[in-house]
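Same chain, two forms, each on its own as structure tokens: structure 1, then structure 2.
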Structure 1
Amino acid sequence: MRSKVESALPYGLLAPTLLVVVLLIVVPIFQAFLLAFQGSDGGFTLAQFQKMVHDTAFLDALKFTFLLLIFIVPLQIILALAMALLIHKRFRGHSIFLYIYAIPLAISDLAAGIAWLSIFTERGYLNSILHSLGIIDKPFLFLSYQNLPAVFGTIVIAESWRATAIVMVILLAGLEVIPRDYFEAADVFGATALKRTLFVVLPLLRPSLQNALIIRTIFAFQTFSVVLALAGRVIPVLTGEAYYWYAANRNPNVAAAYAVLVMVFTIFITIMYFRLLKTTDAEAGYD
């Protein structure tokens, strides 16, 4: 039997957090929404969105944001799954490898961008390696605007490197929950490693996959330091444009319009994940 105090307790415990989040995140989001719909006279307008849509970089930013998502997320899932399955075998020394794989978790995108630029730039490390192996005699221009697929590739590689760790950790945690019997049962029935992964592990990992996807998508929409370092603005992305409109063009209104768009897309894709993966709330831990 619960008293009234008891039933009010969870709300009381959550109140301070809610207060901070509302004051420092929800209110500013609301203010940013206002900015996005406000004209120079302070009245309601869609002019900011029109300006955004007619911007030279807008369509490219839209295209590349989604292309990056499409290329990076599956690659990360595969890489992270490989890491997680390896660690899950708990071989001798697995904890050292877990540590190594998790390092990028704590590396900022700013630092990652600097590191990858030193590799891919014209006289950088990758070209130095290729040169000393005799594969090339002149530096290959990975970051040439005339070779967008190459630039795009470098971004995919750098971003996959940076953000695979978080996916790996989430998936590994998901694997830990799956009873070991399942793996052993699959072994008994003579399933190959690939089949076991596809038909036993992946379905059981669905809730973790969903979480990993959501978290990755949120982050993927918001990072642009790596893109800016490697591609400049030849490959624009939505959040990068938002920042650019704010910092360089001095136009917080259009910047806010971009930010609103990013938020809408993120919510939309998250809903899509929920639908596609059909995880019940209980499985996902939202009960």
Structure 2
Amino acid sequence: MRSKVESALPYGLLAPTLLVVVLLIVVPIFQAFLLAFQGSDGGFTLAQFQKMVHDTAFLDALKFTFLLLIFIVPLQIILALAMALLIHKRFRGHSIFLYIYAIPLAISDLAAGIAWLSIFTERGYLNSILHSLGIIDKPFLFLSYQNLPAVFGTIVIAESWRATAIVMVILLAGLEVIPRDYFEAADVFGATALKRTLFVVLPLLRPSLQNALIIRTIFAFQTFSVVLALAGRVIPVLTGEAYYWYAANRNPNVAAAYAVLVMVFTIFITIMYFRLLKTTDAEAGYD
């Protein structure tokens, strides 16, 4: 009897997590597919995707979504790696930096967007500081629809600040797993900090980099709240268009088509990461 209870214990511990995953992820995905491919008569149709493709904002949303992906993900990986390496040195007071870097994790997406809106708006903190220092005579319009590069840049800065900590935590966990003998051997052979990072850290950190890239790419495709707070519909994104079709246009079917498209892109890029950063079991365990 005891052996049966012990064998069933792992399944009992996993059951709540599996239930949450099924209710909050699997079921909504299934419902989204039904809505995206279901016509008014209940039959199969591609009319929702045709309406999505012919939407006037579709091409711009597709363009800006991938531009954000291209700019944000590499920038965050570089920043997160630098932050993780700094904390990994374990100098006196390194834990303070960890707490400071982790602060954005406690702030919601929309709250972060509103906070950065107060910085970049015409009479925001940044313009006020620049004006008080005598650097500018009149406010710079960071969020003007006539200056799309500036608006896009503010979104990249805000989103990088908000989510770099997630990547940093993943990479720091990977660094902690690497035996310090490798770092000491690199120092003995006279490797510079750059060479040690390129030829020791990055190869051994590849499993963590893979996980960080996948998670951050998924979040990059879902970027919406920060864009909404800073740019509204001046810079459309795919998830934003899904929201507008559902909330403003009252058309859940086209909104579901946008959601399915985002999921397809996410799966495709995840598979690409697995192929490009393929790791063996020995590399994953640093054996």
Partner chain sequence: MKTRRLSMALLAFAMIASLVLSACQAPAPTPAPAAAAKAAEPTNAPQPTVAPASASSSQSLIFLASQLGPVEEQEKMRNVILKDFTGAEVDFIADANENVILDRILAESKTGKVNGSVVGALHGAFPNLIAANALEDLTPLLEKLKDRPIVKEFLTLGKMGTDKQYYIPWMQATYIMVVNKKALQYLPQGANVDALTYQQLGEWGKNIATATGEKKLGFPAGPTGLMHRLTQGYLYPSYTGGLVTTYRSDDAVKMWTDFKAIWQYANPQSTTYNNMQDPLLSGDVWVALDHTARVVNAFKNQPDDFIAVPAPAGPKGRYYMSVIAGLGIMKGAPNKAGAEALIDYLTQPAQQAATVREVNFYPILDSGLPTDLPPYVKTESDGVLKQARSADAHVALLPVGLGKKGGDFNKIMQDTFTRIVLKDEDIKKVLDDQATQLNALLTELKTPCWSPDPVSTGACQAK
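Computed from a prediction, not measured in an experiment: that's the story for all the values here. For the two forms, the rigid core is made up of the largest set of C-alpha atoms that agree within 1.5 Å on superposition. Along the sequence of structure 1, residues get numbers from 1 upward.
- Between the two renderings of this chain, the form predicted together with the partner chain is found in structure 1; structure 2 comes from elsewhere.
- Once the cores line up, the CA of I267 ends up less than 2 angstroms apart between structures 1 and 2.
- Comparison between structures 1 and 2 places the CA of L19 4.3 angstrom away from its other position, after core fitting.
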